[in-house]
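Presented below, as structure tokens, is a lone chain in the form predicted alone.
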């Protein structure tokens, strides 16, 4: 009996692995990215489940008994101000994620827009954007953020205000990265063919160049979320955040101001510190993994 010959397209579809298989292969090869995603998913699950099951009102002062060590009733203990640290961690994780995603998203969006405009259209527009970035780049971002946050009335500082303070200079990094990539992409042959075919500038940007830069944009977004979370953390640790909110940095600042370690309340600063390390560590691992995916020069082979 002769074998049934399949069309070449059918054979290719059978032999070609699916997207999920390719993703699993890549995660198996890039263990850092896999570990970072697992930690981040665990933190997301902790926050979501906590918001659904924990009384978030206990994250604020005078809600529970004071200075209780970790126990069955209070798994993370309570602090000097009568806050349940489990509830505080849940709310603080959500607030930290909100600041990171809002500031990182805005910074990346502004950077992508400015990077495309600067590189694609060139001329005086490119010169102006490049000059602004070169002037602002040497200025310590931390110093500017501390000065701005310190000049505000504490009653006016909110979670959104912190995100806006962080995003002030967060666009410079994505702008320079995307500008460099667009300058390279605009000289490619397929862009020249699109121009000769009468495709508009917006059509070339959105249909030809932008899809090729999605890995770079994703890596830039994760990097900006990392920077935003870290900036919100150190501003809060310095006492420049919304003091009533249970941000992880605020919890550590309050523990430090009350001498928690010296008084034997070790769980008060340790638990939010571990949470912040997990957040920053997972984002750093994901950022490195996405950078490897976007940059063929450092991409590993099986």
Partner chain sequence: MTLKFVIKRLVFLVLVIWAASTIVFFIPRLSSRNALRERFGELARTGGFSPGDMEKIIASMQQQFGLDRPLLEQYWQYLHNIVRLDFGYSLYRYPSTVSDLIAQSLPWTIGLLLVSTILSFLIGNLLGGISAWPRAPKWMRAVATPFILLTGVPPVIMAILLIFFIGFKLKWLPLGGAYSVGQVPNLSWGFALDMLRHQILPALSLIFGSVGGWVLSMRGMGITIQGEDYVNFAEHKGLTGGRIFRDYYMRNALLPQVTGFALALGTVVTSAIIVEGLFGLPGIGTMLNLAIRSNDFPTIYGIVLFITITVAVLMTIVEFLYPLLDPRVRQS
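Residue numbers count along the first chain shown, from 1. Owing to the predicted nature of the structure, the values given are computational and were not obtained by experimental measurement.
As for the form predicted together with the partner chain, it is not shown, yet the points below apply to it.
Q: Can you pick out, from 113, 180, 135, 160, the residue that has a heavy atom within 4.5 Å of the partner chain in the predicted complex?
A: Only one option qualifies, and that one is 135.
Q: Which residue, 214, 125, 144, 193, is the contact with the partner chain in the predicted complex, using a 4.5 Å heavy atom cutoff?
A: Spelling it out, the residue with a heavy atom inside the cut-off is 144.
Q: Does any heavy atom of residue 269 come within 4.5 Å of a heavy atom of the partner chain in the predicted complex?
A: Taking the distances in the predicted complex, the answer for residue 269 is yes, it comes within 4.5 Å of the partner chain.
Q: Can you check whether residue 43 is within 4.5 Å of the partner chain in the predicted complex, heavy atom basis?
A: No.
Q: Taking the partner chain as it sits in the predicted complex, is residue 24 near enough to touch it, meaning that at least one heavy atom pair lies within 4.5 angstroms?
A: No, residue 24 is distant from the partner.
Q: For residue 58, is any heavy atom within 4.5 Å of the partner chain in the predicted complex, or not?
A: Judged by the heavy-atom cut-off of 4.5 Å, residue 58 is well away from the partner chain in the predicted complex.
Q: Is the partner chain in the predicted complex near all of 117, 200 and 207, within 4.5 Å of a heavy atom of each?
A: Not a single residue of the candidate spot has a heavy atom within 4.5 Å of the partner chain in the predicted complex.
Q: Of the listed stretches (171 to 179, 67 to 75, 100 to 108, 136 to 144), which one has a non-hydrogen atom within 4.5 Å of the partner chain in the predicted complex?
A: In the other structure, the partner sits against 136 to 144.
Q: Going by the partner chain in the predicted complex, which residues of 275 to 292 come within 4.5 Å of it through any heavy atom?
A: In sequence order, 276, 277, 280, 281, 288 come within 4.5 Å of the partner.
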